[in-house]
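Given next, in structure tokens, is a single chain: the form predicted alone.
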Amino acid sequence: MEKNEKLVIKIEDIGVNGEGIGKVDGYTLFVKDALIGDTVEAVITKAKKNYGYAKMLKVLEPSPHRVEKRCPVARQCGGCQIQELSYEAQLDFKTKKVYGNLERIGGFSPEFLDSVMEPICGMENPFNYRNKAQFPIGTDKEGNIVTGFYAGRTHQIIPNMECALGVEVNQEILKIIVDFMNENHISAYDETTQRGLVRHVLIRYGFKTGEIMVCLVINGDKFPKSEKLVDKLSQIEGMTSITYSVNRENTNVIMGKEIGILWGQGYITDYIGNVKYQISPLSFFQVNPVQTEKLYGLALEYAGLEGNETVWDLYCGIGTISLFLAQKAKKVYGVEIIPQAIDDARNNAKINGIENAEFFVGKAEEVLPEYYAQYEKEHGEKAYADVIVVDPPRKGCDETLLHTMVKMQPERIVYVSCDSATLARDLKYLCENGYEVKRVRPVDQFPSTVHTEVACLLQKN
């Protein structure tokens, strides 16, 4: 196969970045915007020895699962990779993705997976589910201020105030901000020159409380004429917090470390189940609250708590799972590397009147082994946990941490994963060291994208 060669390709799968995957005479090609079931005409843009990349020219035979996209810029925007795939087909793809990784990487047999895999937990309405959105602010070629989302793998802004995944009030907020900037000659940040004031707009929305937060990320210490903007934004029903974040660094990191309040308070509140959380501009909080409640409900169910258990919650963030578990456990210990997240976790425990949760700052792969060694030194016996819950980043768990978990011999391990490939790797280790997978259930946390969460229960043999 050579670059610029035109081919007809039948698409059979979807890649990790949402590309359609097909084969021609055994040669694998990744085709952007093509869907499972499509037959497309494409031109090769990059040819490697065993695989290549191609650009779709036209759909010759559309997939039976292809649907009209909800967003007019879905293909250009990097956010929704599979919006044109029917929701039923999305769920089927994600189930097979989890199944395939567990079989191929974890080494689990199809017969075993058929016995432990539970149906994927999907959404009734797979749109307008995000409670958080970050919109870059910039200018177009004519110098007009624009906002939207970056095109895939670029920092080119695709103008769009009506994201199909975000809440509807985002559009009203963005229009007010852009109009204000135009009327008051407030400049947009330019990444090339590192000049201009407004870099991003962060919007958070409490699904159960209706509270709204707006945080403007600025390349400066002050926000001029902010009282005019506040006057308009504060009239929106539910507006609770208007803040700014100072970020003068030449970086891809969106938020700065310094937060200033322009109006209202520095946080909003929302609930997962009956647990209340305070959410600041810098807080990590799951972006799909409807599915988060289902996911954490599964974690609680899998933990099998009866009231006398000691539980460790590793990678606990602002205590979202910890506080869920603390309602039914004797004691919960949470570990998180980000100090502010632990501050939030302790505060969230306080506002909910939860006194049986304790939180530690540090890397889970350091804190737990150190605790284990220190406990044995001080008490002359091994540290023990009834249940260990892990919700690691995409890279999964460090082997040092897995080793300590095994030494602590919990009756149950609940593994919540955002990457089924690293989940499969870690499950293989745990199953080689005295544990057995009992239940696995994918949860579609991110409709229209290729990502999915998974809840998994392991029992000590």
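The first residue of the sequence shown is number 1, and the count goes up from there. This is a predicted model, so every value here is computed, not measured.
This next part talks about the form predicted in complex with S-adenosyl-L-homocysteine, which is not shown.
Undergrad: Can you work out whether residue 219 and S-adenosyl-L-homocysteine are in contact in the predicted complex, taking contact to mean some heavy atom pair no more than 4.5 Å apart?
TA: Taking the distances in the predicted complex, the answer for residue 219 is no, it never comes within 4.5 Å of S-adenosyl-L-homocysteine.
Undergrad: Does any part of residue 208 reach within 4.5 Å of S-adenosyl-L-homocysteine in the predicted complex? Heavy atoms only, please.
TA: Outside the cut-off, so no.
Undergrad: Closest heavy atom of residue 315 to S-adenosyl-L-homocysteine in the predicted complex, within 4.5 Å or not?
TA: Residue 315: contacts S-adenosyl-L-homocysteine in the predicted complex.
Undergrad: Heavy atom to heavy atom, is residue 331 within 4.5 Å of S-adenosyl-L-homocysteine in the predicted complex?
TA: Close contact is absent here: in the predicted complex, residue 331 is far from S-adenosyl-L-homocysteine, nothing within 4.5 Å, heavy atoms only.
Undergrad: Tell me, out of 337, 169, 287, 230, which residue has a non-hydrogen atom within 4.5 angstroms of S-adenosyl-L-homocysteine in the predicted complex.
TA: Only one option qualifies, and that one is 337.
Undergrad: Which of these residues, 180, 296, 267, 135, gets a heavy atom within 4.5 Å of S-adenosyl-L-homocysteine in the predicted complex?
TA: Looking at the other structure, the residue within range turns out to be 296.
Undergrad: Spot the stretch among 137-145, 76-84, 356-364, 189-197 with residues whose non-hydrogen atoms come within 4.5 Å of S-adenosyl-L-homocysteine in the predicted complex.
TA: Result of the contact check: 356-364.
Undergrad: Quick one: which residues from 374-396 get a non-hydrogen atom within 4.5 Å of S-adenosyl-L-homocysteine in the predicted complex?
TA: In sequence order, 391, 392, 393 come within 4.5 Å of the partner.
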